[in-house]
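Given as structure tokens, the chain that follows is alone and in the form predicted alone.
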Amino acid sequence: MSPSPLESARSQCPYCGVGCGLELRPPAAKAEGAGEDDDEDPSGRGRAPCAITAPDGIDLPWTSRGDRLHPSSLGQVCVKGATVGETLAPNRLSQPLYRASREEPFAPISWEQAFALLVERITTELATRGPGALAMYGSGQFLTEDYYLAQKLFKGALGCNNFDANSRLCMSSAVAGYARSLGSDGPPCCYDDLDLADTVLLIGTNTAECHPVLFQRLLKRRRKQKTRPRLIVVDPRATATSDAADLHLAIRPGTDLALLHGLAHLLIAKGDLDRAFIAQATEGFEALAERVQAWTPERVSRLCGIGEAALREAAAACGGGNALLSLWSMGVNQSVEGTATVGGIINLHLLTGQIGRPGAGPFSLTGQPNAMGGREAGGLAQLLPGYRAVAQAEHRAELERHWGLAPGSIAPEPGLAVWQQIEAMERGELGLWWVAATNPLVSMPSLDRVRAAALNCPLVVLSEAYAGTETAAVAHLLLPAAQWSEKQGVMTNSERRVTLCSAFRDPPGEARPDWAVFAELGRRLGFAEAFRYGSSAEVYAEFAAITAGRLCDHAGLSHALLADHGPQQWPFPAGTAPGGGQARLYTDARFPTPTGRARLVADAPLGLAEPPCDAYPLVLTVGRYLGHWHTMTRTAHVARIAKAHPEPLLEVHPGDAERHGLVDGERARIRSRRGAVTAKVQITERIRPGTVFLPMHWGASQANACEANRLMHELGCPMSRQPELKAAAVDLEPAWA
């Protein structure tokens, strides 16, 4: 049930992984509180009223503002969180829809008919081709309860590990990098470290636009302390993030790992190391020292396209006993050497002992609001709940016992990552592709290939809150999803803080929570006892028990505790007092590896998977605008955001524009080996020569459509299977040519 009209609700913002706290109020409560002194963040992105008229049958929109009681954000909020109330009612799916053929229009069906279709397809595929013919692609928009029951249904009951999520496009290199270097996934830092670091290295992250509340926290400290923290930004573009930097390293795309090896070379050459920590807590130093010996300042500065003095300045700021905090995001992860680059970042912390200490550590900034919770629940094709791995027999056995399954029920091989699911559909090997709470027909690379593959699948199911997404165009069955605000459950943000998100409004029409759909389907497939849940609180209690003793221990948490005491950080073992969660990991310099030591890794830099050439002489990189969210299913309908970002702009350096005959404000055609799109040109010196930039938000269904990811290739990191969505070779010409 939703709260009464006079109540307010507290929740976590459903946009990025910062996980800001929101206070939500219905229109009546807003009117009562009008004129009160609300905090806004320093860039003026605070609370905004939700001035829309709700459609018939859907309750009026709520307003949102930053929750001063939420420890992760302390009342701050960006424009997306401030306007999220405007996105909850419009353009919603409210009943199941089906078409047997894509040539037919969708027609309403009942949930009974929808479940019958799913049961028939799943049982047929299991009987004829086996569990490998089924696949699901989920989302960091899931609550943890949704994620968990999807794993129990697919990996447990059906014996199918083909569950992957859009975290594969977002943070899977961070997952693999943490596990490889430290022994387990899990960021070891907390947001308080932003207030304590001496040096903050921001690499592959435009934090000011993609994680703005965290960046404003850094700037607020800078205004007070003047010289702290020292900000080093690594990015081929000049951005709002680099504008605040003490040092901007505008490296060539694809040279991040070379840069990190150059920094490690200088630290080792100068002896600017924590030798006691290296000896006590790490392994692999000799191999790393041998590898980076060749990455001299001269070589690195030449390859990266930066000054040698700047490289030495960065190394000095990272060493010298300074508390070093590294922040990174998609610019690192979305690379064929994403996992290796994460390892290079972690190397800097292990060499200097700057991990497990206040103000220090390697800190991955998560893209989706519950990508962290998804990783904890096992929401990638190689994972099982509780930071367990499909490939480890003891982990499978533990889950089989927890779930009451016969030994051997969980398949021993990792399932298909999302691009492998695309390839399987191309070969005609999938009979069911179920997409939930995400829009891969905009967000995936090589979109023409993705579209053709989906059209080759006999049943594409889409669980979605919003109507008219690009993925709906290739679907047969649309299931209306209750989204955040309409179902109760938890999310975990980037600092491992778990927030209970309350259901403060009713779902539209027949929309249902994803976890409830998975539970009902499990019962109908013959697993009645395993999926007998009366509430999402019961689902979370089962998940929390499964994490006991694991690094991501939720065992002491419950919906009731989170409701009574607010957000809590894990690990939070049973018996922990509220507020007693662990802010930082590895404070004892012991790591969850077989030896208890962290691993210094020494990978050879490979560069771009698709470097520029005579035919395609430029490197296209893609990214995000502050106001828009991923594929715009929410933010496209917010007038304030649409006005700020009305269309995608192609950023081109003046020299490149002149060589390609482009005019500022006119349209250009951007071509890669996979296709072409057009966009308005913005000539700017804020991007390095040889590199161009497009935002990735606009799909085929949007005005000013510019499917940037049509141009991107699917090649990815061999360890994380994360596609290199940050770089593709392109050519430019005037659109009228």
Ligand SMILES: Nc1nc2c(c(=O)[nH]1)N[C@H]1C(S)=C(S)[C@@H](COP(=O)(O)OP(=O)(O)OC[C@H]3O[C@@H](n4cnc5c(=O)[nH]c(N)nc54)[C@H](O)[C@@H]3O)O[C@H]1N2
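Numbering starts at 1 and runs along the sequence shown. Everything numeric here is computed off the predicted structure, so don't read it as measured data.
The form predicted in complex with the named molecule exists for this protein as well; it is not shown, and the discussion that follows is about that form.
*Asks:* Suppose contact means a heavy atom within 4.5 Å; in the predicted bound form, does that hold for all of S172, L267 and L351 with the named molecule?
*Replies:* Contact check failed for every one of S172, L267 and L351.
*Asks:* So, in the predicted bound form, is E464 in contact with the named molecule at a 4.5 angstroms heavy atom limit?
*Replies:* Looking in the predicted bound form, residue contacts with the named molecule include E464, since a heavy atom lies within 4.5 Å.
*Asks:* Is there a heavy atom of D235 lying 4.5 Å or less from a heavy atom of the named molecule in the predicted bound form?
*Replies:* Output for D235 is yes: heavy atoms within 4.5 Å of the named molecule.
*Asks:* If we define contact as a non-hydrogen atom of the residue within 4.5 angstroms of the partner, is P440 a contact of the named molecule in the predicted bound form?
*Replies:* Answer yes; at least one heavy atom of P440 falls within 4.5 Å of the named molecule in the predicted bound form.
*Asks:* Quick check on S329: any heavy atom within 4.5 Å of the named molecule in the predicted bound form?
*Replies:* Yes, contact at 4.5 Å.
*Asks:* Please tell me which of L182, V474, A636, I203 lies within 4.5 Å of the named molecule in the predicted bound form, judged by heavy atoms.
*Replies:* By the 4.5 Å criterion, the partner-contacting residue is I203.
*Asks:* Name the residue from N166, N162, N347, T339 that puts a heavy atom within 4.5 Å of the named molecule in the predicted bound form.
*Replies:* By the 4.5 Å heavy-atom cutoff, the listed residue in contact is N166.
*Asks:* Work out which of the listed stretches, 363-371, 418-426, 96-104, 149-157, brings a heavy atom within 4.5 angstroms of the named molecule in the predicted bound form.
*Replies:* Contact criterion met by 363-371 only.
*Asks:* From first to last in sequence, which residues of 466-495 have any non-hydrogen atom within 4.5 angstroms of the named molecule in the predicted bound form?
*Replies:* Heavy-atom contacts to the named molecule in the predicted bound form: Y466, T469, A481, A482, Q483, W484, K487.
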